[in-house]
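Okay, so we've got a single protein chain in two different forms coming up as structure tokens, structure 1 first and structure 2 after it.
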Structure 1
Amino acid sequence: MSERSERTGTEPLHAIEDGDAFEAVSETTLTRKERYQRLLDRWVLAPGRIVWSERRARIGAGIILLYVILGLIGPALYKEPRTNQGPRSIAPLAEGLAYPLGTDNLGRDILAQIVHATPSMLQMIAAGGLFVTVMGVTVGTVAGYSGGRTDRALSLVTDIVMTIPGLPLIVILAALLEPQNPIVTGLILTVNVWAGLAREIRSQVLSISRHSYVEASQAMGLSTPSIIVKDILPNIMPYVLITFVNAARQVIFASVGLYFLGVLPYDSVVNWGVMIDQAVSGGAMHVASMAHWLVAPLATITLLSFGLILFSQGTDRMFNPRVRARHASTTGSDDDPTGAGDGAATTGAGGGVR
């Protein structure tokens, strides 16, 4: 019998030392392998099962994975675009699979341009989306939970950033810095987008921090970072994910638009916006036989945006603790609301251990 069970079974309640009422003593000891297995199941396998069970998330994840694979290994496997690479302005599949999407007015393979433009676009999306999400969530959560002077100071900074017009600021920064690195470009395109997210996160945290379970955690003496991570962030994660997707889509559209307008330098850059600019200036809007030159980058942008939207809509259930607990099957999980993960076996309909 464990020390805890002996004490609680024989000693009176007043004999328990102060603070012991809040002790959490495990009756089982997990090996290192089991702990790693639990972490893998909780943070990788269970979310994967949830995403796979939702059709929209499954389709969106497939589209995003396609672009990631295209950006990672596509440039190494497919030829690099160059002038006079093939016949000029030929239609898709006009010469079989040699030029699947045709060529432009300079004889460059359109599919090659799309493939070699994907890595830089993915870097821009990741940099911009992560910057907006990390800044917005950090500032909004700290301001909403801390209150007082910290809240007033962070809210003042947020309000100042929100009053700065976004497009003129981006144009000025792009003209001054002339970024060639796609990560820097992604940061410039979202330089003040985080402020709106921070205000919205702050309002949600103010509401959540008044809930009874947050007050209980405070009464138990848990640290502020622990309360934020365990009690507050799980409740705002669906909104945070949607915001990340919106920021990613904004990076796509802003970069394409600014490359199209010539605001961002592209002397040696292959980008979907550059392709649209060259297609429009090359007459693809007025010549039917060259329409594929304009349609290809537009379809690429639309499909990626569609995949991001589907994925964000389908992953709302991934942050529901009860749903996560139902999909966690290898070992017990702290998210399990029934307590079955604490070492108790669950019996199936036939009476066997499941």
Structure 2
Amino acid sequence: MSERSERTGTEPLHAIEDGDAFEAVSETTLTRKERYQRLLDRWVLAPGRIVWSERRARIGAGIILLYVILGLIGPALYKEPRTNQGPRSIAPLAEGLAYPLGTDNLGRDILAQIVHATPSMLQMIAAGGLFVTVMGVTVGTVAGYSGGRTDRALSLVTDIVMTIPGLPLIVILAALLEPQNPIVTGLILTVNVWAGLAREIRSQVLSISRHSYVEASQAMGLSTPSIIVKDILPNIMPYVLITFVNAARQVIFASVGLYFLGVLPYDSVVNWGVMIDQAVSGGAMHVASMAHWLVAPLATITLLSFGLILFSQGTDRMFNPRVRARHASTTGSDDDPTGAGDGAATTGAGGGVR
């Protein structure tokens, strides 16, 4: 706990510099650089190491990274899909590497379609994931921390949103708004997903806010926002990461499904769901030689989703206070031999509180 109180302690102590007892402490104040270094350790290096130490998370992170790279630089490197860019309906590798995954019934390169569909999918996932995270964390933290009437009102809204069946609502909203922009689509697809996160975060915050260091901060007269940001948020961050990943899966499932059904409008968008739809209606299920047309988007979606679930399962270990503490302390002693390691370890143990 020492490190935490030290950290939260520095700010107010600057403010109240008149007492002798306080000045003694202010000598140990961290420089700006040290502070950033410590933040980096805690938010990037320690989680990174934990992710890397768990095989599932490592494989999952690798798969996700692959898709991110594919989405970021793939479209620039690989040709765009166009009608009649190649012979129609040829099998994968039939003409060497010209059409690695073959072409569809309009002569479009299938790999090109998959590659060029990735950026909009990533945008959709990022928009949806961010929306879910921001909404869930805000509503959950405010409800859990403030309690009383605010909590009741927010909890009621959360429960209502959670109860509305998501897919039918998304179908209706998609029909109403006809989103073309992937970011808007991402928001619509997660319109009710944030509620689950908000509810979980609320219960986490409820237990954290009973801890002594939060009471200490309150007693010192820190403002509510700064208590929330400094004492509470750090503890729920690992959880938020997992939820981001789950929201991403939800976006993929829903978007592909709705593009497949033709519920989401598409004129120019290439999308894995649209590919499945076109493959199914183009007879890929009936003609054995067209199977690759359907297999390619199915495999693309399954692999990404598998990567995300492996990653989220692996990072589940970040919940485990002991694992976190162990890693936080190694990071601490590696980069900061002044003994902050012990402090970080204690924080870690407190941080994993369920």
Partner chain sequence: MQRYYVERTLQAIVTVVSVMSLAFFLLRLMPGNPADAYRAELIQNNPQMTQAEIDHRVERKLNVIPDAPLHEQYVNYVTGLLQGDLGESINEGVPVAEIIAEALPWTIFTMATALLLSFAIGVSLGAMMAYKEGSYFDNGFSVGSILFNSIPNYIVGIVLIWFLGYRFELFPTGGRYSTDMEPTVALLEPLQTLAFLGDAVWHAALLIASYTVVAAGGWALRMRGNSIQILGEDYLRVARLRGLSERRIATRYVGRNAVLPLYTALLIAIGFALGGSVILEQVFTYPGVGYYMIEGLEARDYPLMMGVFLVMTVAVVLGVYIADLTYGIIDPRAQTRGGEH
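From a predicted model like this one, the values you see are computed outputs, not experimental measurements. Throughout, rigid core stands for the largest set of C-alpha atoms superposing within 1.5 Å between the two forms. Throughout, residue numbering runs from 1 along the sequence of structure 1.
- For the form predicted together with its partner chain, the corresponding chain is the one labelled structure 2.
- Annotation for Ile208: C-alpha shift of 2 angstroms or more between structures 1 and 2, rigid core superposed.
- Relative to the superposed rigid core, Ile164 undergoes a CA displacement of at least 2 Å between structures 1 and 2.
- Relative to the superposed core, Ile232 undergoes a C-alpha shift of no less than 2 Å between structures 1 and 2.
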